[in-house]
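Let's start with one chain on its own, the form predicted on its own, as structure tokens.
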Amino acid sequence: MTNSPYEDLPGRAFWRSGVAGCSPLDLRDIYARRWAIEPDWQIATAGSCFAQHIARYMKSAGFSVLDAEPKPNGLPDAAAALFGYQIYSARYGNIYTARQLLQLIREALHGERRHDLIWEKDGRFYDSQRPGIEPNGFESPAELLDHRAHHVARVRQMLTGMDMLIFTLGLTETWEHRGSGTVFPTAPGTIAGTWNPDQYQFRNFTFAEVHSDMSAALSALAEARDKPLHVLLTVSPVPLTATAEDHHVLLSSTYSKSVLRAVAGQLRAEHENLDYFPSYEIVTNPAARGVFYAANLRSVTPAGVDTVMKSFFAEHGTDLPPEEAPQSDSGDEGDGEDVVCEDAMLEAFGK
């Protein structure tokens, strides 16, 4: 008989041995896979900006990462990302919220149409659900709708054919169309469209709402498929660029990440086919002393991404591929912005 229920616990259960006494480059036992990734699994990736790192490393490691919407013939790889290709498993851009994911799934599987789909700027037209995938917009609404139809068909193919979905939860804050409830990856007026407070409203989702949206998304996928699906959730360690709440951005960022992490944990407890990978904890843990963040204290450095993926691959029996994260071409060396992020544009409105 032991003197305390803590007496026989492993080292990972104690802060001193599990965190303070460990190198932040190797947090032992922080991740234990729930199931193995089979070699023949077709893997789809989606989510917020940090998910772009995961997709790139998975491809480099030899996993079968789906590309349901490949770039057109003749488009150079260097330009592909500017048009939303080769970033995720389809050309949907960043999916920041669980509600945005649920919208896309319902559109692809149930034919639900999105309201306020077409935004305009300087005579060009933008898909409000992925405004960054055509830097100069479409020539006409008809061209936009044709591209949208093609995109949704490819997403449907991806959703029904994939064996595993890796989804990175990014934000709880969003902007919503008042009349329909449609949410967007960025605020109207940031990339395109026109800001009108009578037409749009701010939403900051609660734990219950995020959990409900993710549960509905999982149910919709299960009903539409004739084979099992494994889901791996992560939470982005990238803080908010800006908040629309009436308080400090640090409070908003903490709230958002706390809600998303709690939802991920709850979903893992409820679904045996769902696992959680702690990229958020690896990057933000106090032992790292901020070393995994670039000078802007938001972007995760290449070393931080390497550390995250090393932990993931070690548990799945794969060595870290010889990957070198691309450097930013923004001219601001050290910011680490090697991913495509609509929310980063909000910095331009800062005081």
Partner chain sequence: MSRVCIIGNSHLGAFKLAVDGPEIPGISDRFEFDTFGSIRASILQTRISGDRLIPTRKDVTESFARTSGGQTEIRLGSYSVFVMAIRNSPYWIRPYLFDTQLGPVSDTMVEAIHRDFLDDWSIELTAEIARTVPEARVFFVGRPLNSQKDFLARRLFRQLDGDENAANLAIKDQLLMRLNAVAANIPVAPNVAMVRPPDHVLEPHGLFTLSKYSRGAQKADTGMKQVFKDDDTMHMNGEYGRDMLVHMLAGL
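Numbering follows the first chain given and starts at 1. Since the structure is predicted, the reported quantities are computational estimates derived from the model, not experimental observations.
Only in words, not in the display: the form predicted in complex with its partner chain, which the text now covers.
Every member of the trio K71, E139 and E143 reaches its partner chain in the predicted bound form with some non-hydrogen atom inside 4.5 Å. For the candidate set A81, A244, L109, L75, a heavy atom within 4.5 Å of its partner chain in the predicted bound form is found for exactly one residue, namely L75.
Of the candidates E134, D213, D275, E173, E134 is the one whose heavy atoms come within 4.5 Å of its partner chain in the predicted bound form; the others do not. Checking 235 to 243, 110 to 118, 146 to 154, 162 to 170 against its partner chain in the predicted bound form, the stretch whose residues place heavy atoms within 4.5 Å of it is 146 to 154. Among heavy atoms of H230, none comes within 4.5 Å of its partner chain in the predicted bound form. R99 falls outside the set of residues with a heavy atom inside 4.5 Å of its partner chain in the predicted bound form. Using a 4.5 angstroms limit between non-hydrogen atoms, K257 is distant from its partner chain in the predicted bound form.
Although the partner is absent here, F207 is not a contact residue: none of its heavy atoms lies within 4.5 angstroms of its partner chain in the predicted bound form. Taking its partner chain as it sits in the predicted bound form, the stretch 83 to 111 comes within 4.5 angstroms of it through a non-hydrogen atom at F83, Y85, R91.
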